[in-house]
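Starting off, we have a lone chain in the form predicted alone, written out as structure tokens.
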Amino acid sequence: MIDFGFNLAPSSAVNLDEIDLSRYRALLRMEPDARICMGCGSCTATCTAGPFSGMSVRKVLLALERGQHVEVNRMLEGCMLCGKCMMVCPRGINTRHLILSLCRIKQEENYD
């Protein structure tokens, strides 16, 4: 392999072959709209809880695709379910229902 003199920081490197995508696949079965998110950040910009808890639907979906379940759980706990993100979504994604579905998946995993 050619050494170009730089590399990814270990915290930024995600091996997509080793991550567990079961939660993401379960979400897509329950909420196919999650696939149409374009990551524009409108939800993050209007989130009331975001500045205090780091909550962002966009970040939740990205972390879920990367298999970062601890980060997803931390952000889900910060959501107030106010629905502002749902009102500004240009794709019309029911983000509130998406968050509730993720909480349901998390709860089922804890009991099984």
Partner chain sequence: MIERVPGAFHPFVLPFVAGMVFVLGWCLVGMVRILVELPREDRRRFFLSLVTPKTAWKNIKDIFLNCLIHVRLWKRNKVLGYMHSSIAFGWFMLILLGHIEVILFVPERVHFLYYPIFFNFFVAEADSTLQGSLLMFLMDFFLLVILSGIALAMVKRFRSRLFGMRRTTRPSVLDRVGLYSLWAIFPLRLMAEVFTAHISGGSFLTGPINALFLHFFSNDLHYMPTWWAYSIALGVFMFVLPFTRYMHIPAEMLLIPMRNAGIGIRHPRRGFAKLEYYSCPGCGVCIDACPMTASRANVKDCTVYLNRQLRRGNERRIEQISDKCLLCGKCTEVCQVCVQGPELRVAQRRMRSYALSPDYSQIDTAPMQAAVRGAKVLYFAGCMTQLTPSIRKSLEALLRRAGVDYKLMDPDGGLCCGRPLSMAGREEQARELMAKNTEIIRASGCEVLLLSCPICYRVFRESYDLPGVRVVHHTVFLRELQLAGRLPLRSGPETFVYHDPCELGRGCGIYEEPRRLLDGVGTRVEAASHHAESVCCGGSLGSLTLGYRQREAIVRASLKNLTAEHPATIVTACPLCQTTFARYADRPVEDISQTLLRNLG
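Numbering follows the first chain given and starts at 1. Computed from a predicted structure; not experimentally measured.
Another form, the form predicted in complex with its partner chain, is not on view; read the next lines as being about it.
For the chain shown alone, G39 is not a contact residue for its partner chain in the predicted complex, no non-hydrogen atom being within 4.5 angstroms.
Taking the partner from elsewhere, L62 is found to have every heavy atom lying beyond 4.5 Å of its partner chain in the predicted complex.
Taking the partner from elsewhere, C103 is found to have a heavy atom lying within 4.5 Å of its partner chain in the predicted complex. A residue is said to contact a partner when one of its heavy atoms sits within 4.5 Å of a partner heavy atom; C79 meets this definition for its partner chain in the predicted complex.
Along 67-100, residues N73, L76, E77, G78, C79, M80, L81, C82, G83, K84, M86, M87, V88, R91, G92, N94, R96, H97, L100 each place a heavy atom within 4.5 Å of its partner chain in the predicted complex.
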